[in-house]
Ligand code: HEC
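Form predicted on its own, single chain, as structure tokens, below.
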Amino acid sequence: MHPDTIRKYIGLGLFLICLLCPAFAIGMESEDCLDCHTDTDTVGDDFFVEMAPFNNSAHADVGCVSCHETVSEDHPNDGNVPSRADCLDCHDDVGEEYAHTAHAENASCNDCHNPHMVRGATAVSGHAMNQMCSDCHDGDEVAESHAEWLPQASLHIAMLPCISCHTASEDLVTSLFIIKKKDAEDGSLELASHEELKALAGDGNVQALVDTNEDDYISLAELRMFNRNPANKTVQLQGMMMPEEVSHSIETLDNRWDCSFCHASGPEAMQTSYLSLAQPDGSFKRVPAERGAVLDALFGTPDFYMVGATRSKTMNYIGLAIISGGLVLPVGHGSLRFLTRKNRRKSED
């Protein structure tokens, strides 16, 4: 082979190595970080990062060194304090929206969001969303302030994520969570963890507890089977209306003050629903459910009932039968008297 050709191949090889090395370095640096920061004995509680939640977070693909740029190969022996990226470096549009809210002066991004566990709104439970709010807002005070205008304020607050009302999102859906049955006077509910659902499922798939044919679709018949299955006596379904997308404007839209936004016959927000299943890393997987499933109180979600919204075909038929039965006597009696009026006149003569 000609020497010039050899030099060209060597040059091309060195060029490719230069391109690939940074990528490998970033990957290795992230792995090296997690080797230590997933062990509390090594880094302590303050710098501990949970492996599974981080690997499934929105920031996992970015890599540790993208936010902590000053970390060197000699860390932590170099004595330097690692830098931390400003969230606005990537989320400037969110920052601009958030800056115009009352929260901006009182809470930073990290006060609500753990950067090592950030997920999209559809992968987080409504309970976890409310937990972030309750870190600053006392539940009793919130219930008291809402009770000035909202009927059964405590029940609403317990059964809805705060951001279902305090967000600019117009698109709401109903998420069905599997919770543990317990009698609590304050209406508090506790989610069933993945480990608890796994124990309930035994050798089967957790999703198959409801999605029996495992076709990634929850039918009304499958919801009925789950509700009636004696093996599921320790758990139940809980429906929560949640926004599809979360804004950081924290504003209350005018339609949220209108009770008919939720309490109407078949509102759009309850036509679309998903089963949200707890995953090993703490996130939730959504499985689409049959359209309008939560509107069937008896067979769909018996523990999800909203006055004026939830309808049951069976109860409609029973009500129709009661009304029809009530009309039989007066209508029948009146009709009979009308048809026999001539006979009664002759008998009177």
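For every residue, the number given is its place in the sequence shown, counted from 1. What we label the rigid core is the largest C-alpha set whose atoms superpose within 1.5 Å from one form to the other. All values derive from a computational prediction rather than experimental measurement.
One more form of this protein, predicted in complex with the named molecule, exists but is not displayed; see below.
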item: Partner contact for His127 in the predicted bound form: the named molecule, 4.5 angstroms, heavy atom; value: no
item: Thr42, heavy atom within 4.5 angstroms of the named molecule in the predicted bound form; value: yes
item: The named molecule contact in the predicted bound form: Pro115, any heavy atom under 4.5 Å; value: yes
item: Heavy atom of Asn56 within 4.5 Å of the named molecule in the predicted bound form; value: no
item: Which of 203-211, 230-238, 101-109, 275-283 sits within 4.5 Å of the named molecule in the predicted bound form, heavy atom basis; value: 101-109
item: The named molecule in the predicted bound form: contacted by all of Cys33, Asp86 and Cys90, heavy atom 4.5 Å; value: yes
item: Val94, Ala199, Ala221, Ala168 - the one with a heavy atom within 4.5 Å of the named molecule in the predicted bound form; value: Val94
item: Residues within 4.5 Å of the named molecule in the predicted bound form, restricted to 52-75 and counted by heavy atom; value: Phe54, Ala58, His59, Val62, Gly63, Cys64, Val65, Ser66, Cys67, His68, Val71, His75
item: C-alpha of Gly120 off by 2 Å or more between the shown form and the other one on rigid core; value: no
item: Core superposition between the shown form and the other one, C-alpha change of Leu150 at least 2 Å; value: yes
